[in-house]
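The chain below stands alone and is given as structure tokens, in the form predicted alone.
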Amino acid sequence: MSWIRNEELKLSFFENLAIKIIKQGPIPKHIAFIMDGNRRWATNFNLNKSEGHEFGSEKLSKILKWCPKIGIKEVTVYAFSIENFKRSQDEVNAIMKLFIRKLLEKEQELHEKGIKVKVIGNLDMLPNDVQKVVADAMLSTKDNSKLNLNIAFAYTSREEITNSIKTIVEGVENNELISEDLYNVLIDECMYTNQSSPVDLLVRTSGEMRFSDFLLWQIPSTVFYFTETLWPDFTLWHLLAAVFYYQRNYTQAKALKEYFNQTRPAITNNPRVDIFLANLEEKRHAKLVEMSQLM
């Protein structure tokens, strides 16, 4: 099994009709998912937790087919929080093995579908074998452009914000930046998500109405959609309902986005910052190359 299968996406007449209708309105270009409910779903069917995560990963494979069909260009999923390391060692190990297996299985399909994979999070917290597979996937798909898939793994928003600020502080200490360069857009550019488009719609399954430390910096103008449905039970109809909810709130979300764009300074005519950010990307790329050579 893999996140992206080769077989054709087969939709019913009514599903195709619904997609055609929904595409008459504004479509979120970037949608984020808090994929909650795998463990509860497994309990409901008297399965072990690892099987719940397996079924959850299969749901992601369908999401990655539905989204391009609708017109969604970027997907970010919350796969594993730093807080999840506190779970039982057996469950953590099972998730790591599942993650490795899925990344290894999907390489050819990712290229065929033109999907670019980026794993966001504190990758240093991951075992060496996971780091290597992650680095290989990111390096091999970096030039794909049909759909961006961001996988938040060993991630929390607080850690991401802290890391961004530490990166800037190091730049000041190394005389690459000065105090006048410090403003919120620079923090944006040092985030793990610096190459991502704004998050238009965030969906959380399972009935929980909280963000669980996910993308807190990135969602000031995002539309939030909460559903009682557990992640493995999430269907195309649930996705279309979320997009329809986004369309109902589009005018307000657009106004908020325009307001934030107007009130945040742009990085313009600052060669010092440009050089710093270019060097940062080079360092991150070199880190991936180093990780890909781990045994």
Partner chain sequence: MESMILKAIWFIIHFIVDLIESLFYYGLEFRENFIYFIKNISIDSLSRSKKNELAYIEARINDLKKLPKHIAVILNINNKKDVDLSKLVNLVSWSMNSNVNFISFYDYKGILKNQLASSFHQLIKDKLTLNNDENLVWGPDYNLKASLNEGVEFPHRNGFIKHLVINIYSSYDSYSLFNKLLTDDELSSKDIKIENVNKKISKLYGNIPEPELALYIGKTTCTAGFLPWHIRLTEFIQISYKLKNLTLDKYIRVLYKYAKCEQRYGK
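Numbering follows the first chain given and starts at 1. Being a predicted model, the structure only gives us computed values, none of them experimental.
A second form of this protein, the form predicted in complex with its partner chain, is not displayed here; the remarks below concern that form.
> Of the listed stretches (156-164, 141-149, 110-118, 126-134), which one has a non-hydrogen atom within 4.5 Å of its partner chain in the model of the complex?
Result for this chain: 156-164.
> Is there a heavy atom of residue 30 no more than 4.5 Å from a heavy atom of its partner chain in the model of the complex?
Flag for residue 30 set to no.
> Consider residue 55 of the chain shown here, and say whether it contacts its partner chain in the model of the complex, taking contact as heavy atoms within 4.5 Å.
Flag for residue 55 set to no.
> Please determine whether residue 170 contacts its partner chain in the model of the complex, using a 4.5 Å cut-off between heavy atoms.
Close contact exists here: in the model of the complex, residue 170 approaches its partner chain to within 4.5 Å, heavy atoms only.
> Could you confirm whether residue 9 comes within 4.5 Å of its partner chain in the model of the complex, counting heavy atoms only?
No, residue 9 is distant from the partner.
> Is its partner chain close enough to 45, 60 and 92 in the model of the complex that each of the three has a heavy atom within 4.5 Å of it?
No: no residue has a heavy atom within 4.5 Å of the partner.
> Check each residue of 192-224 against its partner chain in the model of the complex and list those with a heavy atom within 4.5 Å, in sequence order.
If the 4.5 Å heavy-atom criterion is applied to its partner chain in the model of the complex, 192-224 yields 208, 209, 210, 211, 212, 213, 216, 217, 219, 220, 221, 222, 223, 224.
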